[in-house]
Structures are given as C-alpha cells and as structure tokens.
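Heads up, the chain shows up twice below as structure tokens, two forms, tagged structure 1 and structure 2.
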Structure 1
Amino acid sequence: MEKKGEENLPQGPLANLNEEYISVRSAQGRRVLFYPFALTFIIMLGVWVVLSGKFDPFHLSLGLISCAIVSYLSCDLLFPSPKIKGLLRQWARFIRYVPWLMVEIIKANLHVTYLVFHPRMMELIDPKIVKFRSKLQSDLALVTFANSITLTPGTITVDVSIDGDFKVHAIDKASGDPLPGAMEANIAKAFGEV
C-alpha cells in the first residue's frame, strides 16, 4: 500500500533519497529547512561580499536580498540532507577534496604550458573525445565531477547524461587517459559514495 503523498515521488536516480528527506519535501509542497537555508545563505553572502568589493549600505542590502532569494530557491541543491550532522560531514569531506583538485589543476596547467611552448606543438596536440560512464550516483556528485574536469586545463566536459555518461574533450592522450580515474574516486569519497 502506498503512503499518502508518495504517489508523485521521483523515480530513477532520485528514488534512493532517504525517507526523512522525501517526507519533508512531499508534505506540503515547498518547505525550506533552517540549516540548509542558513548554510547556503552564509556561503553565498560570503562569496558575494568577496567578489563585489562594495561595502556601502545599498550594495550590502542588495546582496542580502539576492542571497536570501537564491538560498530559498536552491538550498536543497548544496545540502540535500536535512540532518545537520550529515551536512557537516559531507562538507568536511568536500573541503578535503578541494586541495587535491588544486594540485591537479596546477599539474594540468604545467602540462598544457609544456605543450604550448614545445617546438613540436602541432605533433603533440592530438585532440579527441573521451567517452566513459561514471559510477557516481547523485546529481551533485556528477555536476562536481563535470566541473572538476572542465576546471582542469586540457580537458572540457562536453556532455553529461543523467545516467552518468560523460563526453570529455581532451587536448592530447595524456590529458584524456586518466579519466575517470582518481578524480572520480576522490569525488565519490567526498560525497560518501564509496
């Protein structure tokens, strides 16, 4: 027997959400939880203040209003779990992923610089499309993976399907060979999908 309010629950990759999250979301339409909203608002406001560089009352009030609206509409994207312990644990794992990604970006920058300044550049550059299927499950993990690939010089994510099928443009064989590899494994750890 189906529980009341579960007839319109998502199917496919979203079907494995925990029951508490589903019951909160399906109770009366849109219901925003405090911790995800507050954390999203704080992060967005911090980024807004750093990037805007404007500290007068007019600009700060615009930033507060904009961040509040966007946080209300998208807090469940950054923090899909309503439990605060789960949120903190997930973000702690993600913060450990960021330094690893920075090192990979630096290494890829050095590799692309080598290609550009090499006397036989035209022989070394061999662009191709690399296709693979990711083992990542959540939408946020797939988006993070796609963005991490694009942030790494020498590779650009061309297409990602909801099933995790990736098409990535690589500037040469060395840039495309490691995919999905260590980056996918580190993202799986960051999002608790190991």
Structure 2
Amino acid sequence: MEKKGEENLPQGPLANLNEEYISVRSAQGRRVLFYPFALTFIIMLGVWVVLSGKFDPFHLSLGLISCAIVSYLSCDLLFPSPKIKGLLRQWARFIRYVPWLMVEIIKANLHVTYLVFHPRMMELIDPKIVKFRSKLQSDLALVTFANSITLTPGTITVDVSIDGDFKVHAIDKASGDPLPGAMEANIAKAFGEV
C-alpha cells in the first residue's frame, strides 16, 4: 500500500504539502529554527517555574538545562511552520473564540442537567447520529471543531475523516439540529478561513 503511494505521487494540494514538508526537513536537517525553539522554550520554562515553585539558582539552572534539551528535540511539534508572522494575530483570534465557547458550554450543560433531572426523561430524549460535511480546511481547525462539539453536551463526535466528514451522536432534537451552524462559522473566523 505504501509503496504504491510512493510510485504515483499524489496530485493537488496534498502533493504540495508533502513536498513542502520534505523540503523543510531535508534543507534544515537537524538545524533548529529559532522562533519555534524560543517559543517552546519560554512556554516550557513557565510550566517548570509553576510546577517546581523554587527560585534558587540550583533548581532554576536544572530547569533551564532540561527545557533547552526538550525544546531542542521537539520544537517542530508545537509550531510546525517556521513562520512567525501571523502567529500572534492567530492566537489573539483564538483567545477571542474561547469566551463564546464557554457561554455555549454552560448553556448546553444546563440543558443536559434539565434532561437528567426530568422525571419523564425517557420520553424527552431521542438519540440519533447526525452526519454532515464541514467546510474547514486545516487539521488544527478540524480538531478544534471536533473537541468543541464534544465539549458542548448533547453532542459527541463519533468519527472525523480527514476531509471533514463528521459523525455526531446527538442526544435530542434540540441539540442535534443546530449543527454545524454557528460553531463552524466561529471556528472558521478564529482560524482565518472565512
């Protein structure tokens, strides 16, 4: 199966992406890009300080050394693209998305709690599996969308394909019908895919 894929190279956007990935890896080899390394290092140092809680030189130097080693080995995991431009704007947009998600989570939680404590719950719920196709492009946006669906009660993502085919288990009509709707639009806005 894999050999076949190597022989006839995929066309279209996938081929481009693959080529870019390979060229980045082979051109740089094990050379570490500066911005991803620095960002990973700063994040890890913050977590280290919070977790250790000691500020004497011995513990701080231990933290510096181990954070440097770990971010040297894995800096291309957290920030896969070497571009720094747009990263800040991306994070600002994403942070603006979080409060909307929280409000949505609380509303949906109250709905499920109402269902749980309702005496005639068995007549109210009507589970079914909703299928739809999402317009989102990037992997990160799809993962965020799937996790947001799972976090808002009443809906659980059962399956996601790489093209954006979603299978969602909805507990009743009211929570299953508004999919994909507003949430997809908001995520598209947060990832700049309008």
Partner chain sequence: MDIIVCLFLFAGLFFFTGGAVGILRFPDFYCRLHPAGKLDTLGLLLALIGLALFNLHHFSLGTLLTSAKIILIVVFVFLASPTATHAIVDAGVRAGLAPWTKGEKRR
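Numbering runs along the sequence of structure 1, starting at 1. Rigid core (definition): largest C-alpha set, two forms, superposition within 1.5 Å. The model shown is predicted, which means the values in this text are computed figures rather than measured ones.
Q. Given that just one of these two is the form predicted in complex with its partner chain, which number is it?
A. The form predicted in complex with its partner chain is shown as structure 2.
Q. Just checking, between the two structures and with the core aligned, does I125 shift 2 Å or more at the CA?
A. No, shifts by less than 2 Å.
Q) Is there a C-alpha shift of 2 Å or more at H59 between the two structures once the rigid core is superposed? A) The answer is yes; the displacement is at least 2 Å.
Q) Rigid core fitted, then: does F94 show a CA shift of 2 angstroms or greater between the two structures? A) No; F94 is a residue whose C-alpha shifts by less than 2 Å between the two structures when the cores are overlaid.
Q: Mind pulling the C-alpha shift for Y72 between the two structures, with the rigid core superposed, in Å?
A: Here the C-alpha difference is 5.6 Å.
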